[in-house]
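Before any questions on binding or motion, here is one chain by itself as structure tokens, the form predicted alone.
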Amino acid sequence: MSEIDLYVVNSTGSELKICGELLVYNRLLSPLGDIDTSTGRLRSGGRVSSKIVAAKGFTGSTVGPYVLYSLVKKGLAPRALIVEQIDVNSVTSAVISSVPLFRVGELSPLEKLYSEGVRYVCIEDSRLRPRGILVAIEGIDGAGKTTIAKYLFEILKKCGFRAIYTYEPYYNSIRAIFESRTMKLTPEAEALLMVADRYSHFNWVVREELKAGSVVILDRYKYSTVAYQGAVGLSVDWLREVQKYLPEPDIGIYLDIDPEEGLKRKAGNSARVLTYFEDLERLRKARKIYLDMVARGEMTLVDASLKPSEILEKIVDLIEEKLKLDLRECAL
């Protein structure tokens, strides 16, 4: 994992931690000439609002402090500024607007991160670190998880983010046990097979991508085991306990669909795999558990009966709202 040393110039607190989308502007920034104060966007493209903005420095314009202060009053200001060159205008701008300001020895390491698609970072203890994002897409069979997850992956790549799509169960050996039906599995055995697959997948695949600063789009996560194995009588509390070492996603999205409609969709898909769980009564119970998790605030519900384009639009809105990522203009 790359770490970049920063020097605190102006801080809003002694224990400072700032996370957000990175925007690198490899020139001197003219607040009045480069920023549209009515929208908080660079005139050359991309918004500065809610981002960690890195630039060579500020131009000599004395109106810079007032421009940044105006952005603060409108809720359009950056979360932090990082500059290679310090001058009185950059310091005054940061102080007047109470925007944290840092100096970096060279802008080039930040440019390299940005060019590699690392767009979400955290500043803590005077260091900037890549910070991956985990997006979990959940739903019963036929909800369209895989289609939507892959579309979202393509959107993120189009927007310049380093991203991967992955799925669970991940290992072919585990999937084969369910598909071949050569073992008569108890609910406990089902759950433990899924959880073993998940811990290994997270440790060797997901965690490494998060460390590298990727946005990981995960097609099923720990909520699936709570729903599907809870649907056959296992304690939901126990299913949570055996997965307690797995982190929460940054955002969990539940695609909701009527089980009958989901099975109709699956039946019409000649490429469908892992049919082991395609039982109507089980899906009804799993859906109820999913809806309980939504009610607890663990996931956000999106209506999966909508058109894929409408579903994607809602998901992009959710990600923009919760994570403050700039996706809409390049995505849809």
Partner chain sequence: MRLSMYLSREEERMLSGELGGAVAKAVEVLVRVGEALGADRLIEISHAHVSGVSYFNIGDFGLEFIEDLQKIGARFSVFTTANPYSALVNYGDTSFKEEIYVKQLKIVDTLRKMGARSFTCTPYYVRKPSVGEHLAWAESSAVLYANSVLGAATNRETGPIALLSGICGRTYFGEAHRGVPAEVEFVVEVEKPEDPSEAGAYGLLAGEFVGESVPVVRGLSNYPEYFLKEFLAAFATYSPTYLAILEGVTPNYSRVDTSRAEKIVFSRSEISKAYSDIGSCSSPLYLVGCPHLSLDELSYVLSKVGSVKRGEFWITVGESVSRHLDIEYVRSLKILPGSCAVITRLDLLGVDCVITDSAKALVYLPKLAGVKAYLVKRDALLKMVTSSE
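In this text the structure is predicted, and so the values were computed from the model without any measurement. Positions refer to the first chain, counted from 1.
Just so you know, the form predicted in complex with its partner chain exists too; it's not on screen, but the next bit is about it.
Classify residue 91 as contacting or not contacting its partner chain in the model of the complex by the rule of any non-hydrogen atom within 4.5 angstroms, answering yes or no.
Residue-level check for residue 91: yes, a contact with its partner chain.
Residue 30 near its partner chain in the model of the complex, any heavy atom under 4.5 Å?
Heavy-atom contact with its partner chain at 4.5 Å: absent for residue 30.
Is there a non-hydrogen atom of residue 302 within 4.5 angstroms of a non-hydrogen atom of its partner chain in the model of the complex?
No, no contact at 4.5 Å.
Please tell me whether any heavy atom belonging to residue 208 falls inside 4.5 Å of a heavy atom of its partner chain, as the geometry stands in the model of the complex.
The answer is no: residue 208 has no heavy atom within 4.5 Å of its partner chain.
Its partner chain: the contacting residue among 9, 323, 23, 18 in the model of the complex [heavy atom, 4.5 Å]
Checking each option against its partner chain in the model of the complex, the one that comes within 4.5 Å is 9.
With its partner chain left out of view, choose which of 125, 179, 87, 258 has a non-hydrogen atom within 4.5 angstroms of it in the model of the complex.
Result of the distance check: 87.
Its partner chain isn't shown here, but in the model of the complex, which of 287-295, 63-71, 302-310, 49-57 has heavy atoms within 4.5 Å of it?
Single hit among the candidates: 63-71.
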